[in-house]
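We begin with a single chain expressed as structure tokens, specifically the form predicted on its own.
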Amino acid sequence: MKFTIQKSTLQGALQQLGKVVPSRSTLPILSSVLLSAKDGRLSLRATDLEISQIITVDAVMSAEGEVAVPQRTFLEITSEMPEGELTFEVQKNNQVQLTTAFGTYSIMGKPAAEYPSLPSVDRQQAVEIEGKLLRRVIDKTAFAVSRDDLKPSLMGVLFRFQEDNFIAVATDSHRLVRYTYHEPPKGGYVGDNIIPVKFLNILTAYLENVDMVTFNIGENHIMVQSGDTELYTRIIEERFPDYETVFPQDNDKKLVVEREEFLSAVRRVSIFSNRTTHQISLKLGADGLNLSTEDAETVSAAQEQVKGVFDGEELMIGYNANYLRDVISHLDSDTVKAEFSSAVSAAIFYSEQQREGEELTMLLMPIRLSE
């Protein structure tokens, strides 16, 4: 196997694949990328066994072949090189030699046969989503996905394709986001799929100037192709919580407040909150909204008054400031509406002016205020 390639081309592909390569794994081969030279094109593949990515680039071929190379090492050396041509040659026993105009570098590769095979997407059904819409959906939901390995069903976003609309839901049990688009995606596919958030975050990088994205949905995997890049992911085969029953129906206390003013106050007050609990309290009343926090460990405190319109009996409620900040920052309009019931029940947050054709709703669980 031998080919010549531009430094920036190889470096760019290795950088993208680094998002897939696991930082730690019990399988050493997963720290490598598989290089395949064939028909005048070079493909690079990375996988963590759940997600696979293939990037195909231009290269000048002298001999075809395959080899697995350590992603980190090759990214580090190409990052330190000036722009120019690199010659990549695999010698006996998978010894890989990288040659430039100013030096030669050698490292041991691994046989291509040891690299995990590409997943097959059986019984495909296709559904098309506008690139701008998909990017917005990911932006509005991914932040609320759980990072807890013990809750696999919550480590992805539920994509619910229905005959008359499209719904995306994410939750980590503390907060929940429901995004509804009141038009069905193209393709006629109807079904539910929990898509890993890591896959969605990687996919976002390819949505900048893409008009339509096709999800090829198989029995266990989804494949998306964008230009010279193919992305595969295993579908999370768990039951997603019945999120509709979580939304309260009797929240009779209502708050209307300027979003930026509310968000800025949360950010400032939270600086003085306890570093473990991040607890802040909201006092809702006729004067609007009072935010406060106190940390006995550092003997610090803060409070701010934010103008707003509140309808209902006075209420004192506590939140994790980080979760509250995330919810407010992912709403769009100048004004936020919030609905409450009690100090121990979920509140609903949404934009006063929703975009045409969509409905974005956030749910946030309170925390018990310390005495």
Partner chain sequence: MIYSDLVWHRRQWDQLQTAVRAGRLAHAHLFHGPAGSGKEGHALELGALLNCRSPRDGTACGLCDSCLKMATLQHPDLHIVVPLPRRNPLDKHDPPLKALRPADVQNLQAQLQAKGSDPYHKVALEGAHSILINSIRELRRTAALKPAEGGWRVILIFDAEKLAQPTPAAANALLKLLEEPPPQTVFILVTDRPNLLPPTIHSRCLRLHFPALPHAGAKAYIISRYNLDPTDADVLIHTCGGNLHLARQVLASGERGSLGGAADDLLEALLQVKPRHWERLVNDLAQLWRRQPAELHYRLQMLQLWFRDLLVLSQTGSGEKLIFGHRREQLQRHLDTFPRALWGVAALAVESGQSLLERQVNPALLLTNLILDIRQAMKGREAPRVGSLAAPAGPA
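Numbering follows the first chain given and starts at 1. For clarity, every value in this text was computed on a predicted model and none was experimentally measured. By rigid core we mean the largest C-alpha set that fits within 1.5 Å across both forms.
The form predicted together with the partner chain is left out here; the points below concern that form.
Peer 1: Give a yes or no for L150: in the predicted complex, does one of its heavy atoms lie within 4.5 Å of a heavy atom belonging to the partner chain?
Peer 2: Although the partner chain is absent here, L150 would touch it in the predicted complex, with heavy atoms inside 4.5 Å.
Peer 1: Check E219 for me: does it contact the partner chain in the predicted complex (non-hydrogen atoms, 4.5 angstroms)?
Peer 2: Yes - in the predicted complex, heavy atoms of E219 and the partner chain come within 4.5 Å of each other.
Peer 1: Is the gap between D332 and the partner chain in the predicted complex 4.5 Å or less for some heavy atom pair?
Peer 2: D332: no contact with the partner chain in the predicted complex.
Peer 1: Closest heavy atom of T104 to the partner chain in the predicted complex, within 4.5 Å or not?
Peer 2: Although the partner chain is absent here, T104 would stay clear of it in the predicted complex, with no heavy atoms inside 4.5 Å.
Peer 1: Consider the chain as shown here, without its partner, and state which of L263, I167, A142, I236 has a heavy atom within 4.5 Å of the partner chain in the predicted complex.
Peer 2: The option sitting close enough to the partner is I236.
Peer 1: Which of these residues, Q16, S25, Q354, T361, gets a heavy atom within 4.5 Å of the partner chain in the predicted complex?
Peer 2: Contact residue from the list: S25.
Peer 1: Would all three of E50, E114 and P196 be in contact with the partner chain in the predicted complex, where contact means some heavy atom lies within 4.5 Å?
Peer 2: Yes, all three are in contact.
Peer 1: Heavy atoms, 4.5 Å, the partner chain in the predicted complex: which of 338 to 346, 28 to 36, 324 to 332, 311 to 319 makes the cut? Say which one.
Peer 2: Heavy-atom contact with the partner occurs in 28 to 36.
Peer 1: Please determine whether the C-alpha atom of S25 is displaced by 2 Å or more between the shown form and the other one following superposition on the rigid core.
Peer 2: True for S25: a C-alpha shift of 2 Å or more.
Peer 1: So, does E219 move by 2 Å or more at the CA between the shown form and the other one, with the core held fixed?
Peer 2: It does not, since the E219 C-alpha is displaced less than 2 Å between the shown form and the other one after the core fit.
Peer 1: So, superposing on the core, is the move of G285 at the CA at least 2 angstroms between the shown form and the other one?
Peer 2: No, its C-alpha moves less than 2 Å.
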